[in-house]
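Take a look at this one chain, the form predicted on its own, written out in structure tokens.
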Amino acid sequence: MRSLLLIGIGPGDPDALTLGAVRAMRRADVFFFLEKADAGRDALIDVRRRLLAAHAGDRPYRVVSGRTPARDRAAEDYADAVADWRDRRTRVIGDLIDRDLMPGETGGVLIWGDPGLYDGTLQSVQDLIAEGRGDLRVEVVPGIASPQALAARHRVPLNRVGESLTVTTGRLIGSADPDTVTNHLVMLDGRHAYRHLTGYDLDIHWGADLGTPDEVLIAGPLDAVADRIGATLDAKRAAKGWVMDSYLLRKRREGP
């Protein structure tokens, strides 16, 4: 039997690493790093290495790496492009497990945020098991996700009385009917999708690179701060090559 730990490590703040994540890291014999196709993402690998150095303990462990394939972001069919990318990524994960996780060993994957929220590793591993890797036992260690960190940084609750919380993506919020946006948490917005929602009495709580030395927080009426958010986002992306941001959009109203 082989074991694989999918370990949520939070949004980037070392203090957001849970005790459960630390205990899981100290069990692993080998850690699998999936490096992004763009060189700017090497900083994310560096964070993982620092977390291992600080928390994995004194027992020996190995680190092996695979390159995450690039996704065709210009494809007309978004769903097909993502499905193709996930299939190729699953093959990379499967090859690493088959080659470097020996019988009786425990492997670990350090996943940004939480393994169950906008990360495809768990589904990839389930697909690999369905293909015949029945000797692979999987454990999921939850982590602090960026919505939780965002709410904490801005000191606001995610819920409001009598309303649901909708968690969505920039791609979907960009085509949403503005009149339906009341309490929406938006992740993975690389297109400034919030701009089309100005003029609808919305407030925004925005954060980028939460918990890191480069963290930026902006909040206020969307109409007043949209340009500032856009300029900040563009500047950070130009400087680093990537930005991890999320934001809460709320229809302005009286009361909680």
Ligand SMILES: C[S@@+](CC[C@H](N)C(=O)[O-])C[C@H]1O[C@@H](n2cnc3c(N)ncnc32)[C@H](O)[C@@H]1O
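All of these numbers come straight from a predicted model, not from anything done at the bench. Numbering starts at 1 and runs along the sequence shown.
The form predicted together with this ligand exists for this protein as well; it is not shown, and the discussion that follows is about that form.
The putative spot formed by 114, 147 and 210 is fully lined by this ligand in the model of the complex; each residue has a non-hydrogen atom within 4.5 angstroms of it.
Among residues of the shown chain, residue 188 is one whose heavy atoms approach this ligand to within 4.5 Å in the model of the complex. Heavy atoms of residue 84 never reach within 4.5 Å of this ligand in the model of the complex, leaving it off the interface. This ligand is not shown here, but in the model of the complex it comes within 4.5 Å of a heavy atom of residue 244. Although the partner is absent here, residue 119 lies within 4.5 Å of this ligand in the model of the complex, judged by heavy atoms.
Remark: of stretches 129-137, 180-188, 98-106, 71-79, the one touching this ligand in the model of the complex is 180-188 (heavy atom within 4.5 Å). Using a 4.5 Å cut-off on any heavy atom, the one residue of 1-29 that reaches this ligand in the model of the complex is 11.
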